[in-house]
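Shown next as structure tokens: one chain only, the form predicted on its own.
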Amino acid sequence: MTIRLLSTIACALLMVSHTMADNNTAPSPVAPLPSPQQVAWQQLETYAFIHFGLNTFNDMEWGYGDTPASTFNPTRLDCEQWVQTLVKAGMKGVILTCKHHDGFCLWPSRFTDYSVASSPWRDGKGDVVRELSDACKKHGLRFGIYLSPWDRHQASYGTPDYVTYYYNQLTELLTQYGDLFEVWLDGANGGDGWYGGACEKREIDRRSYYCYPRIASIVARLMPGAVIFSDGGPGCRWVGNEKGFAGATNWAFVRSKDVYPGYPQYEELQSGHADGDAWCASECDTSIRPGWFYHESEDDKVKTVDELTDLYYRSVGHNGTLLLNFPVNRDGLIHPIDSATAVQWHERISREMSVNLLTGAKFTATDTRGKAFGPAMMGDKEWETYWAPSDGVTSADIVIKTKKDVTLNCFVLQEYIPLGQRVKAFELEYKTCCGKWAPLLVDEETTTIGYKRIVRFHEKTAREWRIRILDSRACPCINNIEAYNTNN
């Protein structure tokens, strides 16, 4: 054998070796990327809000800041009832309005007497935040806090002294109540208020007054596992409405230099910014009633199971999370109408998503980068495994063949988001009895996927199904595909 032939063989072996190594190497991440905390937060999917305070006892939504603390007096307050209800409703966590815009604190803050310590409840020795935190620990629910930056009670609001006051209260909540999964900052800031008796309108610069980077640094230092909610995060963002749904096109990105609490172009947040530089997925907040606080007049206006089901598919199913509010009543309990509806809703979602009709199906794709990233990874139910084509491949077809004809009306698609959100457009098809591919009838655009995309369509029966990735920011990374018939 000549030296030239040996050299040729060696080069060929080296090329094969390099190709195999490339094919079994994970794709490079495509920024912006989520932190581990942001991934864990989105995996919660559904969690609860609790609005409760002076407004509850005075039939108000936004207290002016002058309501006497003595009016707060729930006679049967039971945080375990709240938590047990939420667990039965499928919630993975709960966020409490520890202080709303009226400035009244549901814990005995050292920095104000406008709190439960000045109320007749528990003879002034109670602490709602403590009781809910303890109940969450007992029943395995994650706990979060809402601390309104705006305070219509404090005389110092609008001055540097108030900002120090706010930091002090934030520090109390971050250090006294155990592990927190979310810190909620409301975008409503500045306006008319009592302000210690001044009864005037006070405006602040929403971009700079609170020094949000300082707030973020306090949270990062004292509660590093928590994500921060505001219009622009930095942990998660408002979805731009209080109706509980995200856009069918929904990027988990925002332009961090543009968006801030009180962002005037908030409608953009329904779809995020495709050119954003920061990972900030959407949280879809809504109340189970028309109001955020309890009003007896709304007992017959609770959202129906059908309405809540639709919101689930348009929030969690649109690459967001669903934050559903429960207004605790004057007794200190979640109303039985709200409880029953929420539990029935969870039972319905659980039933509709109980039988994955792609179990045992064969997955193939037009391109695969290697065995470790093969098509079968999309059906193995493992979060850390995913299919990916070769680098530079931004369009590809995924074909799913079931063992027998199945009738579907819903696909669940998931990207492996630790490597970034990638898919920009896709299509869903089925193979007809004539052996031709035909589009499924979908009532919304099929563009982004993200952490989870649930696509509902007109019911079809077939044995072969095709997902066509039409465009992607880089090679797609799909870690889960499921399909259901929600009519069963």
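Treat the numbers as computed from the prediction; the structure is a model and nothing was measured. Residue numbers here begin at 1 and follow the sequence given.
The same protein also has a form predicted in complex with a small molecule, omitted here; what follows describes it.
- Within 4.5 Å of the small molecule in the predicted bound form, a heavy atom is found for every one of Trp62, His100 and Glu242.
- Residue-level contacts in the predicted bound form: of Trp184, Phe373, Tyr294, Tyr312, one residue has a heavy atom within 4.5 Å of the small molecule, and it is Trp184.
- Interface residue among Arg453, Lys424, Lys460, His51, judged by heavy atoms within 4.5 Å of the small molecule in the predicted bound form: His51.
- Taking the partner from elsewhere, Asp285 is found to have a heavy atom lying within 4.5 Å of the small molecule in the predicted bound form.
- Looking at Ala220, you'd find every heavy atom of it more than 4.5 angstroms from the small molecule in the predicted bound form.
- The shortest heavy atom separation between Tyr209 and the small molecule in the predicted bound form exceeds 4.5 Å.
- Although the partner is absent from this view, Ala188 contacts the small molecule in the predicted bound form, with a non-hydrogen atom inside 4.5 angstroms.
- Exactly one of the stretches 394 to 402, 199 to 207, 270 to 278, 100 to 108 approaches the small molecule in the predicted bound form with heavy atoms within 4.5 Å, and it is 100 to 108.
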